[in-house]
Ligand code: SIN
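First comes one chain, alone, set out as structure tokens in the form predicted alone.
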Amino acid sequence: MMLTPEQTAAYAEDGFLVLPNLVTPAEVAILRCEVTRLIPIDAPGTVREGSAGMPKSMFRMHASDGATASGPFQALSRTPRILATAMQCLGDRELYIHHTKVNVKAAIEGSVWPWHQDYGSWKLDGIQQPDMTTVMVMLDDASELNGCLYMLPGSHNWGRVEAVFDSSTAYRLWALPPEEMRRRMRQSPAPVAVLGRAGTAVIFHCNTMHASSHNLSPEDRWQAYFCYNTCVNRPVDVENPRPDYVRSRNWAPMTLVADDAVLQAGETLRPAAE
């Protein structure tokens, strides 16, 4: 897949680009089966919330080892639709994954993600330049009721804004102070709700402000995130680095796989016919 000049211009201007129907229904079904398999596993990086103990986030599905390793997720992270699109947006063919995660926003109890820039945390990981992008893939239909993602157009042009550590939700992160966010939003275009059917994707710059609200619907809302960095921008050593499920130590350039690799990986998971 190659982005059109109009799409690359929109990404450069807005800091994000929505890609409908990027993942097929058959692929979504395979990925959802993998999420269902992984939900009960208590692995490093799995953060739970709510009365049912559903994960707010699970990490490291793209790896080839570990409790949450998943062949279909690893395959998707390397398909041309995902990896080549990230290469095009970053202008570099040598990329690695900083981390992957699935956010499982549980029905009724799935909590907010406050306004933040991903690079607010990633700079603290030792990454020197904001040459990073994320591809989010919807594994459920996303609506405003079930806590869809919101993007603030053009906010990537602010550069990194000094953040504060927000401990108000189950997954703590560096977010913008509320008063600073209010001031900046008054001077910015209106936030865009990223809505769509399962299989829709959005690619967004690491400095683009984004957030999501509570899931007020009776159904969970699942979304997968693949965070890419250029190999030349790999993190430098920092004191007390975060664990590798959130700050990868595998900086080898990724290679593209066949576009049907998710379907092939799904076939290997099927039980043999009796």
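In this text, residue numbers run from 1 along the sequence as written. As the structure is a prediction and not an experimental result, all values here were calculated from the model.
One more form of this protein exists, namely the form predicted in complex with succinic acid; it is left out here, but the text below deals with it.
- Interface residue among T68, N215, N229, Q223 relative to succinic acid in the predicted complex, by the heavy atom within 4.5 Å criterion: Q223.
- Looking at 188-196, 83-91, 123-131, 98-106, the stretch with residues near succinic acid in the predicted complex, meaning non-hydrogen atoms within 4.5 angstroms, turns out to be 98-106.
- The three marked residues, L31, R37 and F73, fail to reach succinic acid in the predicted complex, with no heavy atom of any inside 4.5 Å.
- Taking the partner from elsewhere, V202 is found to have every heavy atom lying beyond 4.5 Å of succinic acid in the predicted complex.
- A residue is said to contact a partner when one of its heavy atoms sits within 4.5 Å of a partner heavy atom; H62 fails this definition for succinic acid in the predicted complex, lying far away.
- Residue contact with succinic acid in the predicted complex: H116 places a heavy atom within 4.5 Å of it.
- When succinic acid is considered in the predicted complex, V135 lies well away from it, no heavy atom lying within 4.5 Å.
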